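Before any questions on binding or motion, here is one chain by itself as structure tokens, the form predicted alone.
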Amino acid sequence: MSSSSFPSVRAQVLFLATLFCLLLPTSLRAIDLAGDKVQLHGFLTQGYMESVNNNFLGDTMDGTFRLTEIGININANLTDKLRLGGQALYCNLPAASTGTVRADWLVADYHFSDPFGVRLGKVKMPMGLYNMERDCDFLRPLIFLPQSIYDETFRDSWQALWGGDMYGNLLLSKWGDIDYQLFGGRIQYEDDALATLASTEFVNRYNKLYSLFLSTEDLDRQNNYAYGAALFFNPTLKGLRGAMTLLVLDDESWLNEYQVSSLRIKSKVVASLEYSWKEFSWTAEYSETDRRQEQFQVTTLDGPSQAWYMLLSYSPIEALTFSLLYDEYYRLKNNHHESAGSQNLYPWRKDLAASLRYEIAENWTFKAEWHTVDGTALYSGYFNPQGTERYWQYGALKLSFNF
């Protein structure tokens, strides 16, 4: 095993800090400041990931401990209607932030009434059932959400936007109630966001192909706009929840006078359904993303993708959950296997995974999962520049602590 398989000093320190917190003899709860007006919460996770045949989200075939997250959030209830809050996030993942601390979300929230409220700042974007909760590791059974819809390579970009939203809860008499959210603003891409790194890699390949010498030092990835809506249906039937979400956005990459690439998400629609009964939980989501992509003003992609998954979980006891996932993604909805001349020989991703979650104590959780994958869609080519294998696997272990 190469030296890259061993954790860095920073990862070792974080891992030991995690173990120290997890082994505290008493449980920790949210820290109350200024009475109950201000609350401090946080989480810390450390994991290990390894893949076979293909890299997943980075150099993972030799194994990596780059699966670290630390979040601290604070909420201040200034009045019964006005709340200020935010979260600082340290994220060290192969395809996300590389050891930086950034504002995960930061809002001023004025709740006029149950049917209407307004948030301004860096607000979370709803996308399916779990995008707004994906940093809350303890709320879900899996380490990695289904990649067909919750693509980890876009996690740092599509988690939140700078702008605002309107939200509320509407009663439907005997049918239950609906939570709604209307949002809009701009996404701020960081230099280490995968969207920026992918544009850089494309310019490098373009230089090599045409013997050019374009410098990527001034490459600028920007979002012109992003907006959307979400409806979450809470019927009176216990354990049932449904959702419908929509996202529209427009991105560009510029290099001096060259427009390197542009991506227009005409619509990303996700339909969701979740049902819990006794020890069982079943979740299914379906999504289509209609987009148009250009590279150096040449159209390279125009049409919808297709994605869906089903997740079945079983909890024989409250602290233990077993889950089985089947997840499918197709780069083109109307041509699942594309043409023989396609650069991506396997432009789909079919993922069968099994996972275990064990709540060791009130504040900490252990997870383990293994994935067997057919296909190489969703940036597999970017992470495997020497070529990809159609059949591959990856697995992960993770310890999480929260208060």
Partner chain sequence: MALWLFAVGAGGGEPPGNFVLVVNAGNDVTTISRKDAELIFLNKQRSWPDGKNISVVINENPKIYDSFSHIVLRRSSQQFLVFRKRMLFRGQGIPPPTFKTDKDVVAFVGEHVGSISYVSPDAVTLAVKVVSILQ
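Numbering follows the first chain given and starts at 1. Keep in mind the model is a prediction, meaning the values are calculated, not measured.
Separately, the form predicted in complex with its partner chain exists; it is not shown, and the next lines address it.
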item	value
Segment that reaches its partner chain in the predicted complex - one of 81-89, 290-298, 182-190, 323-331, heavy atoms within 4.5 Å	81-89
Residue contact check: Q39 to its partner chain in the predicted complex, 4.5 Å heavy atom	yes
K238, heavy atom within 4.5 angstroms of its partner chain in the predicted complex	yes
In the predicted complex, Y314 touching its partner chain (heavy atom, 4.5 Å)	no
Contact flag, V101 vs its partner chain in the predicted complex, heavy atom cut 4.5 Å	no
Its partner chain in the predicted complex: contacted by all of A76, D177 and F403, heavy atom 4.5 Å	yes
Contact assignment for its partner chain in the predicted complex, among L142, L129, L249, V203, heavy atom within 4.5 Å	L129
Contacts with its partner chain in the predicted complex - residues in 348-375 whose heavy atoms fall within 4.5 Å	E359, E362, N363
